[in-house]
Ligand SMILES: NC(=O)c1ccc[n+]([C@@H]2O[C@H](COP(=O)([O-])OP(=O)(O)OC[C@H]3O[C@@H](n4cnc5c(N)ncnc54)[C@H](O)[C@@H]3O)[C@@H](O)[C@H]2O)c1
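Next up: a single chain in structure tokens, the form predicted on its own.
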């Protein structure tokens, strides 16, 4: 008998997850809901699955697990509501829309034994798994440099950017997570910078359309993160892992959205990746297959809220560095946030 899984939030990524779950081994049925009743109705009809009028009704419908893909501002509350009911939970990144809310959700989860998986799908990409394994096997020697790239072909609506938390919290957080995961090292400090040459509304929203960050890791490795909203040739996500003995890269395939100008060069020859969903299609399915195993008790969560919060600290440091024009340590950000929490509770 398969699991009955509830899906909360049926926008672009939520409906994509619902389609992946439908018919997956270990899944018996879905029940769906969204803040927009018409969207709930449309997806329910398209997939021929039952709908709930709201998350509370979905929680009380007898689901074995929930997948949260609602707006970031609702993540923490929904995670807490699910684990309070003992329901295994998958939640799209981020844990919450602020580090303070993320910490509260993390504490709530840690008071239970309920498994929670956060959606950092890159951990399930075959190339990135190979890079992870090469590091663990010692094939690369000691690591001196990681270069992580996330380049979007076009910006999302400015209304989204205005509530996203900024390019480092919204976009580069995937790079921060994969750098931690592949290297096995923790970030100790961040220097970030950014620029705006595109839509002036992005700057007016307090964000940058292009960002870069240099991370210092506790093993002595340096990592460089590059991200932009304007990469017209396509969606480019790569991780280069450079060591004293060897170097590897994930994402260097025939669909790489770069055009070589070297005479006679024919690589890459494929149609460039156009969006993150086609670049990581296999990874998205694999992470949900892992979640089904988590629900069935066959494995522990492969990406916990604690993992996600560590990446959130890096994003906070990057945002502070961007606006302060200086290097920021993770310890400094943690002290600042925890002091603010202490003052708020006194």
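In this text the structure is predicted, and so the values were computed from the model without any measurement. Residue numbers count along the first chain shown, from 1.
In what follows, reference is made to the form predicted in complex with this ligand, a form of this protein that is not presented.
A.B. asks: Using the partner position in the model of the complex, report whether residue 145 sits within 4.5 Å of this ligand, counting heavy atoms only.
C.D. replies: Close contact is absent here: in the model of the complex, residue 145 is far from this ligand, nothing within 4.5 Å, heavy atoms only.
A.B. asks: Using the partner position in the model of the complex, report whether residue 276 sits within 4.5 Å of this ligand, counting heavy atoms only.
C.D. replies: Close contact exists here: in the model of the complex, residue 276 approaches this ligand to within 4.5 Å, heavy atoms only.
A.B. asks: Given that the partner is absent here, does residue 74 sit within 4.5 Å of this ligand in the model of the complex, heavy atoms only?
C.D. replies: Taking the distances in the model of the complex, the answer for residue 74 is yes, it comes within 4.5 Å of this ligand.
A.B. asks: Although this ligand is absent from this view, report whether residue 21 comes within 4.5 Å of it in the model of the complex, heavy atoms only.
C.D. replies: Outside the cut-off, so no.
A.B. asks: Of these, 35, 296, 57, 306, which has a heavy atom no more than 4.5 Å from this ligand in the model of the complex?
C.D. replies: The option sitting close enough to the partner is 35.
A.B. asks: With this ligand left out of view, choose which of 209, 240, 170, 80 has a non-hydrogen atom within 4.5 angstroms of it in the model of the complex.
C.D. replies: Among 209, 240, 170, 80, a heavy atom within 4.5 Å of this ligand in the model of the complex occurs only for 170.
A.B. asks: Of 64-72, 23-31, 316-324, 296-304, which is the one stretch near this ligand in the model of the complex, taking non-hydrogen atoms within 4.5 angstroms as near?
C.D. replies: Selected stretch: 64-72.
A.B. asks: Only counting heavy atoms and a 4.5 Å limit, does any residue of 83-119 reach this ligand in the model of the complex, and if so which ones?
C.D. replies: Those in contact are 92, 93, 94, 119.
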